[in-house]
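In structure tokens, one chain follows: the form predicted on its own.
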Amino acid sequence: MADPGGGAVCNGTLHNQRAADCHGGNCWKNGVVKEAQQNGNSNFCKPFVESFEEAPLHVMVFTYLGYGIGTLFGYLRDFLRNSGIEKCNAAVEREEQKDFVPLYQNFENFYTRNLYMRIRDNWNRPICSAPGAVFDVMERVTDDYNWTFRFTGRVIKDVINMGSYNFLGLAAKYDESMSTVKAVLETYGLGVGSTRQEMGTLDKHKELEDLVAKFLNVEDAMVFGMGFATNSMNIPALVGKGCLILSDELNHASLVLGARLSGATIRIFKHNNMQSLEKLLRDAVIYGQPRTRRAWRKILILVEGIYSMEGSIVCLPDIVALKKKYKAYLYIDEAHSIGSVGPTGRGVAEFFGIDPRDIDVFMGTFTKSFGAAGGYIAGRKDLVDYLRTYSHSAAYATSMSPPVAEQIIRVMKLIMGLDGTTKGLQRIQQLAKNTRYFRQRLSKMGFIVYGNEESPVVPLLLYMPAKVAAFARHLLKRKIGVVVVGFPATPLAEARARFCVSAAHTREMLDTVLEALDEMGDLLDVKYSRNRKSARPELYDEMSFELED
């Protein structure tokens, strides 16, 4: 595991990453001294600690063995269902449609009906309160092994919420600080009933966009009603055929969908690996487009600020240096990082001290730190003006709800201190303290924890599917709500629990959770960390991967 007092490398392929300590303007990376990049006003020389420890060999063997046994039993149960011995609760096509071309292949649902269904009770749990530091969960039971559920009418009260993206604790039930949201609701109503290009642009939208631009220190910004669509509907407006997208292998589905819809050529680089990215950039400049060898119209690098499944932070100074060197464009998705990292919550650009002018497209969502909904695109004024005309979301999607816009304005003013208080800054500082405390305690207990020590997204590796289910069920009995994640959202053998730390969590809450996790780690034997700290981790071999056309 990474040493909190050590240094780090920006290389997602490493299994035990140590940070780069800067001394006299130089940074130690992988035992090699490299000069710190100067990007505009950037002078990032703070410890950058990330950890991606490998599991012991026997854990991986038993994990794959578990999936293998599950697959064999799946085939056996499918045989019993087809023979009529076991009742089939899955969706099947009607007898009259047997001669039709199948709507879906039966095997496509194999994993769902034979593995996911056995542990399905750990997902889609309905809550019946605001997603604050604690929430209420509706109790449900199943009589047919998770194919269907019924509610008992009871409510599990005051469950500690370790799963919601409520980083600053601002997604809470109504209090007097939300009076402006109530006033906007009474004045404007809930819906807009039109798109931004028609009759759906309100003064509240303009006020919010000006505030977002000021918050990010850029020329202009545009807001959208849905965070996912902010990526998927705007990337196709920025690039198209004849353009090249270089995408991190762990990018969010919204970025992946937007890239595919654009029609541009997509090539993938290893997560946070600058050697992998530079090789793709160099080859793109040298060889150009396949077959014709013409120069690419645009080269766009797609990255995230904080990666929501890994808890890692983008190596922004290195990426900015590469994008300048090869004259590429940089698009950064700050869905999880805006409001949660940086001294004043302004995201990874502030975290690293990067000049905002060095980033071509800022994207973020209001669903995490702001306790609202929607997203934004920000940057130069000519970029935003272009999107106001050509964005599919601006042309076809309904505008952001006025009360939602006011909630974002209220929170952003709180973070910026424009409300005349320091409450926003205090929440950001509290989140940072809680994050470091929670991560360090987990590491000391012996768990394998992924990601950056400053990231409030904390993945704890469980690996085996049976342990994933037991982990979530036992914690709910202790009134702790967690999110567990497995394939296909993660690699097959890297199932995990994902904790989201909040500024609203008290030290007592975190200690309660940590005490339960300590006991659960011993009960389920998931304390896999060997606490090895390699001073010279292996460098990624830049020749060990192939380009994709």
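Numbering starts at 1 and follows the sequence shown. Worth saying up front: this structure is predicted, and the values here are computed from it rather than measured.
Form predicted in complex with a small molecule: not shown, discussed below.
For the three residues G132, S164 and H505, a heavy atom within 4.5 Å of the small molecule turns up in the model of the complex in no case. Contact with the small molecule in the model of the complex, defined as any heavy atom within 4.5 Å, is confined among 330-338, 276-284, 81-89, 171-179 to 330-338. Listed residues T365, S399, Q407, S391 were compared with the small molecule in the model of the complex; T365 is the one with a heavy atom within 4.5 Å. Taking a 4.5 Å heavy atom cutoff to the small molecule in the model of the complex, the contact residue among L216, V458, I268, M226 is M226.
In the model of the complex, the small molecule sits within 4.5 Å of a heavy atom of H252. The closest non-hydrogen atom of N452 lies beyond 4.5 Å of the small molecule in the model of the complex. Contact check for E304: a non-hydrogen atom falls within 4.5 Å of the small molecule in the model of the complex.
Residue contact check for T435: none of its heavy atoms lie within 4.5 Å of the small molecule in the model of the complex.
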